[in-house]
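Only one chain is included here, represented as structure tokens and corresponding to the form predicted on its own.
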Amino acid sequence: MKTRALLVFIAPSVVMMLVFIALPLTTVFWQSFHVSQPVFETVRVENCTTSFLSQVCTTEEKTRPVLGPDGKMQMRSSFVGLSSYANVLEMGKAFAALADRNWRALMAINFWKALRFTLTFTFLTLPIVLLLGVTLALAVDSAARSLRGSIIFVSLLPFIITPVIGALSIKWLFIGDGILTSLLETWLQRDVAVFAQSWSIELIMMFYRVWHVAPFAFLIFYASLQTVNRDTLESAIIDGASRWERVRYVVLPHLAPVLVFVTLIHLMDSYRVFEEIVGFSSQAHVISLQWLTYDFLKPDDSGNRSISRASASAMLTMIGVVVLLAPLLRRTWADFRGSRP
């Protein structure tokens, strides 16, 4: 392919990436080091009260925001360095808690509380999703051809449902007098309050994520199984290899690149967990890094938003994603370089 044709081919993608990824990311990075505050001015206001015999006037100073020609408050941005990052991390309280070995005090800080849940959520759901995806793919691949279409259709239903709607559906099964809550109370002969403590909420959120994402992993693995070399499998059968040996020495090595791909997708998606926090209304017990960024952007009682802290939180989340993906991307690049002639 000629250089000009290649540039024409990739130009739309490059422009879209610059406009919708690079430019917003640069803006967020800049905002994380600056604080925008409204401009105020002090004015003298004279108040006069009338009486039957005379008029009494008093003068007082009031502070009010400066309005621009468009009627909106004027804003001034100032460079604050790493102050926004320090405010998000609350390093003073964090170091004091670590020095005292006070885990409860550390978890009272929003960022570290969100980081703990985000990492737990990501690394506990990942192996379950991979295992279920591979198991379902192998089971469907071994099923009769007449049943495969129906099994695939039913298996994909959780993935088709909108995330928030799926989270609300699971929540209604457990909250209050939900169906599953009533069954648990009947079985245990005691009251069950699933949403009254953080550990039970986290378990349900992880269950929902696995239920929602495993079909995607299954579909990818099943598609990859269709390209397994059948001659190699037949040779393994002739050599007396058991089913487990065929899976271990033939199928899994073939699925290795796809396993890395699904792992990358799951790490990126789970580290930015947000829908579950909203769907299960878990803010009082469980929060995530992505929800923390959203919380900073919510207006306070005066209508102000912590744009700088929200930007710092977003940048810290992105750094976490890069750290998680770096080993897998490095291995993928090494495999690619090794496969080149």
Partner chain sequence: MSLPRVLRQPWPVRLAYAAFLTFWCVLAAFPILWITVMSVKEPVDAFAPNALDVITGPATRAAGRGISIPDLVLVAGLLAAGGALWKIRLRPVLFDSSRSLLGRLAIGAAAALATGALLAAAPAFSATVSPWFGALGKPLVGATLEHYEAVWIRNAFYRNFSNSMLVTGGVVLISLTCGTLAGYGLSRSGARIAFWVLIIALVFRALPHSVLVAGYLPWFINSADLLRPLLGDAAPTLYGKPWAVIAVLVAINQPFTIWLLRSFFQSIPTELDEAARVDGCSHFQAFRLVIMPVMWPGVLTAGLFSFLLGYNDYLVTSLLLDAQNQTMVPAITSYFNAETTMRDQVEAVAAAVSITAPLLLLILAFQRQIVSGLTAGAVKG
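What you are looking at is a predicted structure, and each value in this text was computed from that prediction instead of being measured. Residue numbers count along the first chain shown, from 1.
What comes next is about the form predicted together with its partner chain, which does not appear here.
The partner is absent here; in the predicted bound form, the one residue of Gly240, Gly149, Pro253, Pro127 having a heavy atom within 4.5 Å of its partner chain is Gly149. Between the options Ala99, Ile160, Leu188, Leu82, the residue in contact with its partner chain in the predicted bound form by a heavy atom within 4.5 angstroms is Ile160. Although its partner chain is omitted here, in the predicted bound form all of Met17, Leu138 and Phe153 have a heavy atom within 4.5 Å of it. Mapping the unseen interface onto this chain, Thr122 falls outside it, with no heavy atom inside 4.5 Å of its partner chain in the predicted bound form. Proximity of Asn229 to its partner chain in the predicted bound form: non-hydrogen atoms within 4.5 Å are absent; the residue sits far from the partner. In the predicted bound form, its partner chain sits beyond 4.5 Å of every heavy atom of Ala326.
Though the partner is left out of this view, Ala94 does not reach within 4.5 Å of its partner chain in the predicted bound form, counting heavy atoms only.
Residues Gln290, Thr293, Tyr294, Leu297, Lys298 are the members of 283-298 with a non-hydrogen atom no more than 4.5 angstroms from its partner chain in the predicted bound form.
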